[in-house]
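A lone chain, given as structure tokens: the form predicted alone.
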């Protein structure tokens, strides 16, 4: 399978995790977009969706899928989203598209997180993909200096503003052997909105697109 075919395969497989007559949390990015295309085929089975970004909401609406504000939803049985990197233990780096904060919020609300990725995203140790950190603009330089102290090499994603009106620092040079600890450390830096480490609340199920088809990984059994 090509990479695109792997993404399409996991997007189709993820439909099996959609709960009827419920709100579905939907992520952002290229693989999530393919999932939205599949979700449109069964939109009559769900109440609607909670979107993790403005772009996701727009794509859902284009398909005629009703989008509800998360504040008006008290139960999200499942959140389906991709990742920039993921380990078999369910820890992820997300935020390559800049939607990390809203993605983390919807993931926190959801009872189950299904991560859909092609095989290139599976890694043993996180950190080869630059780690996104959403930051209040006023704190950009300060946060960058603090990230350097942690061994990282932060780069300002110039010309980009998140849906929340903030900036993003992409941190390279980190080998993230303890993602839970690093997530907590970075989140405690003044001025940080959130870090694109999803480890404290990682994936419950990973659908991995491979040349041989879709592999299902259950991090709880690792």
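Residue numbers count along the first chain shown, from 1. Values in this document were obtained by computation on a predicted structure and should not be read as measured data.
If you look for the form predicted together with a small molecule, you will not find it shown, but the lines that follow are about it.
Among heavy atoms of residue 127, none comes within 4.5 Å of the small molecule in the predicted bound form.
When the small molecule is considered in the predicted bound form, residue 83 lines it closely, a heavy atom lying within 4.5 Å. Using a 4.5 Å cutoff between non-hydrogen atoms, residue 77 does not count as a contact of the small molecule in the predicted bound form. Although the partner is absent here, residue 29 lies within 4.5 Å of the small molecule in the predicted bound form, judged by heavy atoms. Just one listed stretch, out of 57-65, 165-173, 30-38, 186-194, contacts the small molecule in the predicted bound form at the 4.5 Å heavy atom level, and that stretch is 30-38.
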